[in-house]
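Only one chain is included here, represented as C-alpha cells and corresponding to the form predicted alone.
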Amino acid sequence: MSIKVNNPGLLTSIQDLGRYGFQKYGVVVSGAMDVNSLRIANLLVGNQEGEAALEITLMGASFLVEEDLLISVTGGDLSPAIGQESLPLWRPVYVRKGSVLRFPACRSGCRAYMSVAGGFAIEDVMKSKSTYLRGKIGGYRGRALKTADTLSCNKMPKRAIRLLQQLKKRAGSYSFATVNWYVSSESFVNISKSPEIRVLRGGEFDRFTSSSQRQFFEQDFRISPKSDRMGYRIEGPSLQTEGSFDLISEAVSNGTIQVPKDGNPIILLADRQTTGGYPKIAQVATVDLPLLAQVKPGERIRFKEITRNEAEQLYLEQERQMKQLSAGLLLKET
C-alpha cells in the first residue's frame, strides 16, 4: 500500500510523539505539535496511539491514494476533500484506490493529522519516526515531503481490515465511505480564535517588573509570522526584567516561555532546543499545548495563570478521557 504526494502544501512532514531519551546529547525531541490530534487519529484506525502520521500545515497539500486505505483526519479543519465531496473529520474513513485527497484551505486551526491503518513504513531513528527538519533526521529522508514522494504503508491490523471491508461495501461506487459516529474533539483540542492559554509562573517570573507581570496576564499577544515548529514568537507589550543579570543555560521543555532582551516572548515548541539561557516568565500547562499548536500566525492569545496542582489535575483528567476513548473505540462498529 502507498500514498503519493501530489503537492506537499505549505509544510507536510512525518511526526509521532517525539524522540525522547537523547536530549542530554543535544538531540531535540520534535514530534507532533498537537499530540492529542495525532493520538486520536491513530486510535481511530486501530493503530498504537504513538504511531507516525502526516502533520499537514495550513493549506495546499494533495495526495494520490494508490491502494484502498483506511485513514482518519483530525486536528485543524483544512477542508479535506475527495473530488467535490468533503471528507469527514475525527472518524475512520475508507478511501478507494485512485482517489486524490486534497487539503485546499484552512477553515479553522493550523495543523491537520492524517493517520493510515498500519502506519507508514518509516524506519526509526533513535527510537522515533519524527522528522527533525533542521537536523535533517528521521521521517522521510530527514526532510519535509516533496512532490512525487511515495510513502509506503505497513500491513493493517485485523480490526482495521474488517472495518475497511465493511466500509468498502457501504461505499459502492463512491470514492470513500465513513462510519455513522465520530469523536467529539472539544475535550481534547477545543480550537477557537483568541484562545486563553493556561500557564504556570516560570523560574524568573519574580525578576520581571511588576508592570510586565501584570501586562503578561492582562494583555493580548499576537503570534508572529516568524513563528515555526521550533517556537512561536509573540508580539505584544514589551516585557522587561528588573535590571540585567546573567543566567546559566538550563533545560527547557515544550511550552517554556522565554523572554529575550527585545522584550518579545518566545514559546518553545516541538522542535525546541534542549537548553536555553533567556529568563523564563512562564510555562504553558501541558493540557493546553495542543490548543496552542492550532493557533495560526496573526491570531491572538491571552495567558491565564493556574497553579501546579491545577495543571496536574487538568492533565490527569484529560488522560483519563483519552483512556476512556481508547477503550470505547475498541467496542465500536460501523
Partner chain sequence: MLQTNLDENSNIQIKPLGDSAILVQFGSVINREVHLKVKAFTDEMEAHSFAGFIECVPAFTSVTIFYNPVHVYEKYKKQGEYVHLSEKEQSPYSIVYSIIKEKLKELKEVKEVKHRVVDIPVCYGGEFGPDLEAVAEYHHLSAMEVIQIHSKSEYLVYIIGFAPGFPYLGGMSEKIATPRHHSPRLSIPSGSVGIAGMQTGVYPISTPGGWQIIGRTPVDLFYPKENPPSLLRSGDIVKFKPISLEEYKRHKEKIL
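Keep in mind that what you see is a predicted model, and the values were worked out from it rather than measured. Residue numbers count along the first chain shown, from 1.
One more form of this protein, predicted together with its partner chain, exists but is not displayed; see below.
Student: Considering its partner chain in the predicted complex, which of L200, A105, V100, I161 comes within 4.5 Å of it through any heavy atom?
Tutor: The option sitting close enough to the partner is L200.
Student: Only one of E196, E204, D228, D149 comes within 4.5 Å of its partner chain in the predicted complex by heavy atoms, so just point that one out.
Tutor: If I apply the 4.5 Å criterion carefully, the residue I get is E204.
Student: Should T256 be counted as a contact of its partner chain in the predicted complex, where contact means heavy atoms within 4.5 Å?
Tutor: The answer is yes: T256 has a heavy atom within 4.5 Å of its partner chain.
Student: My question is simply whether Q283 lines the interface with its partner chain in the predicted complex - judged by any non-hydrogen atom within 4.5 Å.
Tutor: Although its partner chain is absent here, Q283 would touch it in the predicted complex, with heavy atoms inside 4.5 Å.
Student: For E250, is any heavy atom within 4.5 Å of its partner chain in the predicted complex, or not?
Tutor: Yes, E250 is a contact residue.
Student: Does V27 reach its partner chain in the predicted complex, with heavy atoms at most 4.5 Å apart?
Tutor: Answer yes; at least one heavy atom of V27 falls within 4.5 Å of its partner chain in the predicted complex.
Student: Report the stretch among 302-310, 30-38, 57-65, 261-269 that approaches its partner chain in the predicted complex to within 4.5 Å, counting heavy atoms only.
Tutor: Looking at the other structure, the answer is 302-310.
Student: Is it true that L10, L167 and V179, all three, sit within 4.5 Å of its partner chain in the predicted complex, judged by heavy atoms?
Tutor: The answer is no: none of the three residues contacts the partner (heavy atom, 4.5 Å cut-off).
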